[in-house]
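Presented as structure tokens, the chain that follows is alone, the form predicted alone.
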Amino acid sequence: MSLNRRDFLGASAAAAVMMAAPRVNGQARPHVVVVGGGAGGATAARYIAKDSKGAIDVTLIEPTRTYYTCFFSNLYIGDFRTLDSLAHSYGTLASEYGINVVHDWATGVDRDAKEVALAGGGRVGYDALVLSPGIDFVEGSVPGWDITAQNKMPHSYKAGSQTELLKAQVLSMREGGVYCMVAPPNPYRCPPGPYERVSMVAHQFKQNNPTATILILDPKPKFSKQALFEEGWQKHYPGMIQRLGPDFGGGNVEVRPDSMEVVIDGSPEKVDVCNVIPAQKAGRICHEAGLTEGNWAPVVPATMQSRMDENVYILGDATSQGDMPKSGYSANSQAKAAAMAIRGALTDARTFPPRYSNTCWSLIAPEDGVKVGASYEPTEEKIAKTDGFISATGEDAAQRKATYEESLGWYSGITSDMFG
């Protein structure tokens, strides 16, 4: 599968053409509220506004005025991107698509009154609600760590200041020091993400601190693209990276932020930088709205509607939906399906069975990119994988360079698709 920016936007345009022009039911225009302005929420808001051609009013509630993509943030740590290149504003969604962008925190949902409460004191009514809040962390999942320790032991799994902090710690680490990553258990945002981050940190050390070492403490017996990463680490960073899986204590870890120690199966080890990525769950508002089972929010595979409220649609990392990984590409794909379903529910717009897709690219070293991806379709029970692909070990340099360049085209395409 090959994809560039033109292909990505072309596919989006084709999907839009398939949708019939809407007709509004009744006199007043229906109102859709979208909570969360990331890959799922921004895409849903834009597609609902764009394809309804003014027949639906859209309000997007997002606390931050600048959105930093979590995808590609590892490349900033490796000096392959600037932080500014990951930053996006909501100006075009407001000026060109007529979306009412509200910079505030959504603090609760009154599902009976169909209203969203804001931290600033306001309440916003809706006919349909889209929740795309991303992830929160499971408290206590890494003993010794909580959110108050994030400056000493950053998670850096929500892009922005945390990413800057981790990079600063990497660059200032003492010569020959130890960088430790506490990897998360399944399921979590961006399955290859922790291991691409290790690759980018190793690239920094190779340039600036070649005697430094990296220790991965991993509760999982295996991880996404494992053979590709391990091949790349051996090729580019031999002897620098050590991973301890659950068989060697990687699943029994405690951290001590004040003394910069990790305790592995009861044995304390001093480290210089500690990147703790805790276990994850759906964003807070999904739990407070009573839309979760366990840690995640179950959805109807064909529409992304909540299993518990047909007026609420839930996207991306927060969902329990089946086989799709939690990724920006998945959230963007699910957002288009939800936008079509919402237009169908609120107007007479035609709807079609959705098809979902996802690809995750990872950079291991300069121009050494690998990828994994799949196509999906909804069944009654879940979004089910229909086929897939993955880079092969042993690929030549030209193929790896082409894969990396493909990822650059995808980034340009998806951010245009999200923010206009």
Ligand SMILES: Cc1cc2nc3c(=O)[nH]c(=O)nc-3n(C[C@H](O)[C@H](O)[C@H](O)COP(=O)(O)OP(=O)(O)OC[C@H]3O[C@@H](n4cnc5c(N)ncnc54)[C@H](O)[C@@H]3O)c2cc1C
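Numbering starts at 1 and follows the sequence shown. Quantities reported herein were computed from a predicted structural model and do not represent experimental measurements.
Keep in mind that the form predicted together with the named molecule is not shown, yet the notes after this line are about it.
Novice: With the partner left out here, if you bring back the named molecule in the predicted complex, are 199, 233 and 404 all within 4.5 Å of it by some heavy atom?
Specialist: None of them does, since no heavy atom lies within 4.5 Å of the partner.
Novice: Based on heavy atom distances of at most 4.5 Å to the named molecule in the predicted complex, which listed stretch, 296-304, 128-136, 144-152, 262-270, is the contact stretch?
Specialist: Correct option: 128-136.
Novice: Residue 62: heavy atom within 4.5 Å of the named molecule in the predicted complex?
Specialist: Judged by the heavy-atom cut-off of 4.5 Å, residue 62 is in contact with the named molecule in the predicted complex.
Novice: Within a 4.5 Å heavy atom cut-off, is residue 190 in contact with the named molecule in the predicted complex?
Specialist: Taking the distances in the predicted complex, the answer for residue 190 is yes, it comes within 4.5 Å of the named molecule.
Novice: Does the 4.5 Å heavy atom contact test between residue 39 and the named molecule in the predicted complex come out positive?
Specialist: Residue 39: contacts the named molecule in the predicted complex.
Novice: Would you check, heavy atoms only and a 4.5 Å threshold, whether residue 214 touches the named molecule in the predicted complex?
Specialist: Residue-level check for residue 214: no, no contact with the named molecule.
Novice: Identify which of 76, 157, 205, 179 has a heavy atom within 4.5 Å of the named molecule in the predicted complex; exactly one of them does.
Specialist: Of the candidates 76, 157, 205, 179, 157 is the one lying within 4.5 Å of the named molecule in the predicted complex.
Novice: Looking at 35, 364, 383, 58 here, can you tell me which has any non-hydrogen atom within 4.5 angstroms of the named molecule in the predicted complex?
Specialist: Here the answer is residue option 35.
Novice: Only counting heavy atoms and a 4.5 Å limit, does any residue of 285-308 reach the named molecule in the predicted complex, and if so which ones?
Specialist: Counting only heavy atoms within 4.5 Å of the named molecule in the predicted complex, the single contacting residue of 285-308 is 285.
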